[in-house]
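Here we start with a single chain on its own, the form predicted alone, put down as structure tokens.
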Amino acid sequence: MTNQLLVEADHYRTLVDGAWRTPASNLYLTITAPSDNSIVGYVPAMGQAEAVEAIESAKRAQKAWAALPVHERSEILIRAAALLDERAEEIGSVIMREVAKKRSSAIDEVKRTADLIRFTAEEGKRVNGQTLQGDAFPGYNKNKVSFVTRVPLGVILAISPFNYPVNLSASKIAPALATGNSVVFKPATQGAISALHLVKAFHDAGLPAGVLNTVVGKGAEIGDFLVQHPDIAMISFTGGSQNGSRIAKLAGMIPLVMELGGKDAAIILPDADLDLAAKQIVSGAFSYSGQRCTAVKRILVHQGVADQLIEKMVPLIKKLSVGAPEDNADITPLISDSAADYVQGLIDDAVANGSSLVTGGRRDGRTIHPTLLDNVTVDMRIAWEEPFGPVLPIIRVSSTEQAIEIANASEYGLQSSVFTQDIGQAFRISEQLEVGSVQINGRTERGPDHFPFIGVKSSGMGTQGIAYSLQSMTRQKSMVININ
């Protein structure tokens, strides 16, 4: 299955204009496994000239792809999904090594992605316009009719992150293809090998040459160039808020959909089912070692039930296994030394400033053991900064109003959870929270993939989710018929 991807042992090619290519410079970037520093492979270090080739190829191919009947585009996507299902264990093994995700979760990511592509292929058949009659507006009559259609934007630049290198890549590529766009795809360097396996599934499914092209290399060298290229019609980006802000400033007047950082709060009211809250919070905070934008990243709990909540959480945290992704451990090494250093710095700052280390606090290289901090105050870094690691701060509050105030003071606005048995209270709190989504009696999370996924403030712009992504990658066009 990997023959086309590999030029020789462990050296990967990229797809440009339907052909698997080696870098013109013959320069490669080394991808090492976060868990043991073993070499996963080498990916091309493409330059700006090769990026131009990818964009020009996408531009040439787009109109013919858009002219293809939607059911034929859909069939190609469905074949790609079937190939992902067949290759789930193989690709999952690559994800496991490349980004240190436990084996079962890595395989599940591939299978979930196959489902996402299938759903997108079907939903893509239902991207329709509307007909408007002139006499609905005063002063006009039925002799004027508008036929409003939705048309593709052109060349979509898809930029994906390391943490879900297959799923979050497909969530951009599939809706773009389904709606008749072509794609230039820039995966995160760490995660690029997994992403290339995804691209190969699309290629093997019969995608025409040039419709999907990959640009692999250092973001510092080609990132700004890509986002400013005049032939890019839209950018779909998932990554850090700082990079998102930079892209928004550089890209100019083109549509942007961005999924950025988060500081998701779990608000625990006095009447909450604490067993449920503890289970959901531990799962939401520590899955994939907290390296998720939607991870629960702080607990705002009423002081009257804080001790009880902690008593229920600690045994669940201690049950989490710590180790290698190959062993299917719950807590695995973080993506890099710098990521682990950053998380450790947040923990050290909190402890130095008076927080209580309830459990965890141990570090082995890139592995941070799951850590729970109590008595965190709003003057500590951990109260506001996104750790992207397995550390969870508890901030005790005296009222619901104080919890809402602290939650909304964050620069981020991705999701929040509210735990209460009073559904009316849950709705009232939800209305006041400045986030894209509120989970009631459940952990913050992305799925299901057809639900709207929304970030506000520094957490992003635009709406994702299958139907919403399809809409965002098209524009309305009106043809007005004047009947004389």
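The structure displayed is predicted, hence computed values, not measured ones. Numbers follow the displayed sequence, beginning with 1.
Below, we refer to the form predicted in complex with a small molecule, which is not included among the displayed structures.
J.: With the partner left out of view, is E109 within 4.5 angstroms of the small molecule in the predicted complex by any non-hydrogen atom?
T.: Output for E109 is no: heavy atoms all beyond 4.5 Å of the small molecule.
J.: Within a 4.5 Å heavy atom cut-off, is G261 in contact with the small molecule in the predicted complex?
T.: Yes, G261 lies within 4.5 Å of the small molecule in the predicted complex.
J.: Flag D224 as yes or no: does it have a non-hydrogen atom within 4.5 angstroms of any non-hydrogen atom of the small molecule in the predicted complex?
T.: Yes, contact at 4.5 Å.
J.: With the partner left out here, check for me: in the predicted complex, does some heavy atom of F388 sit within 4.5 Å of the small molecule?
T.: Answer yes; at least one heavy atom of F388 falls within 4.5 Å of the small molecule in the predicted complex.
J.: Please pick, from G240, P255, G134, P270, the one residue with any non-hydrogen atom lying within 4.5 angstroms of the small molecule in the predicted complex.
T.: Here the answer is residue option G240.
J.: Of these, R363, R246, K312, K125, which has a heavy atom no more than 4.5 Å from the small molecule in the predicted complex?
T.: Exactly one residue meets the criterion: R246.
J.: Are all three residues P187, G217 and C293 in contact with the small molecule in the predicted complex, where contact means a non-hydrogen atom within 4.5 Å?
T.: Yes.
J.: Sort through 201-209, 232-240, 77-85, 397-405 and report the only stretch with a non-hydrogen atom within 4.5 Å of the small molecule in the predicted complex.
T.: Result for this chain: 232-240.
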